[in-house]
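Here you get one chain, nothing else, as structure tokens; it is the form predicted alone.
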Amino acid sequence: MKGTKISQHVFRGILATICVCSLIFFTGTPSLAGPEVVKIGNIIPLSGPSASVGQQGKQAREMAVEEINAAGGIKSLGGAKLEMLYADSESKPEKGVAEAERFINTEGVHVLTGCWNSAVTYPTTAVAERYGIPFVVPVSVADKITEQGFKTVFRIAAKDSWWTRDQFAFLADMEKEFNTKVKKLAFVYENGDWGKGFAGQWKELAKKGGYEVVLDEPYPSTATDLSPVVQKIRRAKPDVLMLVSNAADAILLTNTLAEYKVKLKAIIASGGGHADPSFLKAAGKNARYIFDIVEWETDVNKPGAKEANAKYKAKYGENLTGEAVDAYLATYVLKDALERAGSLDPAKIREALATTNLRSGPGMIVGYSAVEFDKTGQNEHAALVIVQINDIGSGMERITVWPKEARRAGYTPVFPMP
């Protein structure tokens, strides 16, 4: 009798277990299920000549994601968290294309972003377009990226024709403000899509402005000796030298120009390597008086900018750069689009991105007023500032000088160089 009771007890236990297992199999386990995850594939240079700027963008993205997830994630998706997946492009177009394919077909990402190097971004966006995956471009500047007729590509920052336009507008303003005539220009630039894109625009604008181009010199950004280039600059005797460089070559060029004592009225750089924190550390006093065009600077007068920069500096030991700010903002643009899409369907995310009109919030620490994309996917409001590197008592720093209304109070630009 005792044995029978035990058998019945065991039987009832087994039966209950079977029922529970069946329930789990057919209905899932809601108590263990969490909110959805938004997978964002980031293709950026983490090694090679652009590694430094790639790392800055990665850090800025991670800071934004940390903030967004801590604030409850994407509320329209039940608190879905953003998950960043990273791939190293090595600044190589073929690597960017391969990683985009992997992210889409193997990792199942919902959105792609990157790639900083225009030469990588241009072919990689074609992969996203083919699969219908939205691609947010924080800062790759080649005009042609948003001139392909694609529907899935959205660029936050200004394109290179706007950068060069503003460089020449600045130069004309400096000539007028300081009553100093500039006649001869030298163009020296890295030989990728980024540099060639700038150079093509420079040539057109120089012709329109009546300037004489005395040197047009591309070079490989991986070069370890740029003294032949610097010797050409010295022989050409330009009034103004215009540069497009990555970090390592920006440092090398600046120090070699100082070594050869090249005399110029001004040097106007194009962000990138000259905006990289490593540039000032390595070039030191040799960088003094260089002008640089960027999307953002630490002294920009925008709500939250000072606090965001202080947070970033506390976390990573350096100031935000324009490229990092674009990556930070791009993450908030994605958050805004995802909230309005209320879906992980790439088509709905794309539609939400296309109707973006972001004018406030944590990401809007840039100098311009809004993010709103035109029919090509270009942010219509992207704008630029020009800074001068100088020591005004606290070591070398970047000081906003143009547009004049944005100039740091009490500072007068040094033009021409002494």
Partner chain sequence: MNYIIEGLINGILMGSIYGLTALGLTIIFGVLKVINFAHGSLLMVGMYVAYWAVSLSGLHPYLTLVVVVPVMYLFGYYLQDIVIKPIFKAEREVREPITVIIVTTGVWYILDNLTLLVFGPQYRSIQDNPLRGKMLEFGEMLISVPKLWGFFAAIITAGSVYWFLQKTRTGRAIRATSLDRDAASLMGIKQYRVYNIAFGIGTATAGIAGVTLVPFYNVFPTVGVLFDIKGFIIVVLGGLGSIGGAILGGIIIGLIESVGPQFMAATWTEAIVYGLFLLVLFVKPSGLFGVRYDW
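Everything quoted here is computed from the prediction, not taken from an experiment. Residue numbers count along the first chain shown, from 1. By rigid core we mean the largest C-alpha set that fits within 1.5 Å across both forms.
Keep in mind the form predicted in complex with the partner chain is missing from the figure; the text below concerns it.
Using a 4.5 Å cut on heavy atoms, which of S343, S161, N286, T180 is close to the partner chain in the model of the complex? Spelling it out, the residue with a heavy atom inside the cut-off is N286.
One residue of P123, P303, G209, P218 in contact with the partner chain, assessed in the model of the complex (non-hydrogen atom, 4.5 angstroms): Among P123, P303, G209, P218, a heavy atom within 4.5 Å of the partner chain in the model of the complex occurs only for P218.
The partner chain in the model of the complex: within 4.5 Å of a heavy atom of each of Q231, A247 and N255? Per the other structure, all of Q231, A247 and N255 touch the partner chain.
I'd like to check something about Y260: if you look in the model of the complex, is any of its heavy atoms closer than or equal to 4.5 Å to a heavy atom of the partner chain? Heavy-atom contact with the partner chain at 4.5 Å: present for Y260.
State yes or no: in the model of the complex, is some non-hydrogen atom of K144 no more than 4.5 angstroms from a non-hydrogen atom of the partner chain? The answer is no: K144 has no heavy atom within 4.5 Å of the partner chain.
Taking any heavy atom pair closer than or equal to 4.5 Å as contact, tell me whether Q148 reaches the partner chain in the model of the complex. Close contact is absent here: in the model of the complex, Q148 is far from the partner chain, nothing within 4.5 Å, heavy atoms only.
Does any heavy atom of K281 come within 4.5 Å of a heavy atom of the partner chain in the model of the complex? Result yes; K281 sits at the interface with the partner chain in the model of the complex.
Can you tell me which of 293-301, 218-226, 308-316, 83-91 lies within 4.5 Å of the partner chain in the model of the complex, counting heavy atoms only? That would be stretch 218-226.
Under the 4.5 Å heavy atom criterion, name the residues of 68-82 that approach the partner chain in the model of the complex, in sequence order. Heavy-atom contacts to the partner chain in the model of the complex: nothing from 68-82.
Core fit, then L85 C-alpha moves 2 Å or more between this form and the one not shown: No.
Using the rigid core as the reference frame, would you say I133 shifts its C-alpha by 2 Å or more between this form and the one not shown? No; that C-alpha moves by less than 2 Å between this form and the one not shown.
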